[in-house]
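So this first bit is one chain, no partners, the form predicted alone, shown in structure tokens.
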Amino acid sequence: MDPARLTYMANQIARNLAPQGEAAAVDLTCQHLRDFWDPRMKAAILAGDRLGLDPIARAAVERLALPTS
């Protein structure tokens, strides 16, 4: 998985959801990553450098790293 491509994709998702408001966009972006990204994609974005992520995408990836209950 190309980290730059995954960053681009996560930023696209976050930008598309941004009109929902920041909190909702973070929730929805994280949920999208959980539901639709392959486990290898999730592992790669979690292991990669998050500096290229937009703030909503970064928050969603950080939330993705948290254990779910």
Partner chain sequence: MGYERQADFGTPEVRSDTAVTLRIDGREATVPAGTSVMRAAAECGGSIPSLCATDSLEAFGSCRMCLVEIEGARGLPASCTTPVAQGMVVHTQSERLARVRRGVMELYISDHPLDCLTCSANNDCELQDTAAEVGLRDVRYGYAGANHLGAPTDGSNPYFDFDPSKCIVCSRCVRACDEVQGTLALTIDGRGFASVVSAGQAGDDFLSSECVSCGACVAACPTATLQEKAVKDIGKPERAVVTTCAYCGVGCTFRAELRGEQLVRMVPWKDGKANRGHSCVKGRFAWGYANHQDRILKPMIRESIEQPWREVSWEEALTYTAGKLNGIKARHGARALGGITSSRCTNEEVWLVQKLVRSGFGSNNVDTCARVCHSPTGYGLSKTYGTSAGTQDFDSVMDADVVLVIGANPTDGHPVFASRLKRRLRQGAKLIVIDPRRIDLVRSPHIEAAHHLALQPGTNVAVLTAMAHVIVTEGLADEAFIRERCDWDEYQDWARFVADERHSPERLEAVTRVPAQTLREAARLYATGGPDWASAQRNKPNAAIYYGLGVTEHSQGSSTVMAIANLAMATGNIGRAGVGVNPLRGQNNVQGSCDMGSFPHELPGYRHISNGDVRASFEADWGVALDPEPGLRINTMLDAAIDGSFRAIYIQGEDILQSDPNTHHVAAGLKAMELVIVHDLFLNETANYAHVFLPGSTFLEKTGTFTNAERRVQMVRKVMEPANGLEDWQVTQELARAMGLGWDYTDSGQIMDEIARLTPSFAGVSHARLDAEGSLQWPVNDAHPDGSPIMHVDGFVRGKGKFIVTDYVPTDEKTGPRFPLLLTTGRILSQYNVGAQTRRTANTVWHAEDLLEIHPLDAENRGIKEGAWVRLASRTGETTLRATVTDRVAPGVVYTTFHHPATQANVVTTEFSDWATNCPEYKVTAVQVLPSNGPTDWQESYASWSEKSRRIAVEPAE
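In this text, all values refer to a predicted model and were calculated from it rather than measured experimentally. Residue numbers count along the first chain shown, from 1.
One more form of this protein exists, namely the form predicted together with its partner chain; it is left out here, but the text below deals with it.
J.: Residue-level contact is defined here as any heavy atom of the residue lying within 4.5 Å of its partner chain in the predicted bound form; does residue 45 satisfy this criterion?
T.: No - in the predicted bound form, heavy atoms of residue 45 and its partner chain never come within 4.5 Å of each other.
J.: Indicate whether its partner chain has at least one heavy atom within 4.5 Å of a heavy atom of residue 9 in the predicted bound form.
T.: The answer is yes: residue 9 has a heavy atom within 4.5 Å of its partner chain.
J.: Is there a heavy atom of residue 25 lying 4.5 Å or less from a heavy atom of its partner chain in the predicted bound form?
T.: Although its partner chain is absent here, residue 25 would stay clear of it in the predicted bound form, with no heavy atoms inside 4.5 Å.
J.: Even though its partner chain is not shown here, does residue 17 get within 4.5 Å of it in the predicted bound form, heavy atoms only?
T.: Yes, residue 17 lies within 4.5 Å of its partner chain in the predicted bound form.
J.: Which of the residues spanning 44 to 65 lie within 4.5 Å of its partner chain in the predicted bound form, based on heavy atoms?
T.: Heavy-atom contacts to its partner chain in the predicted bound form: nothing from 44 to 65.
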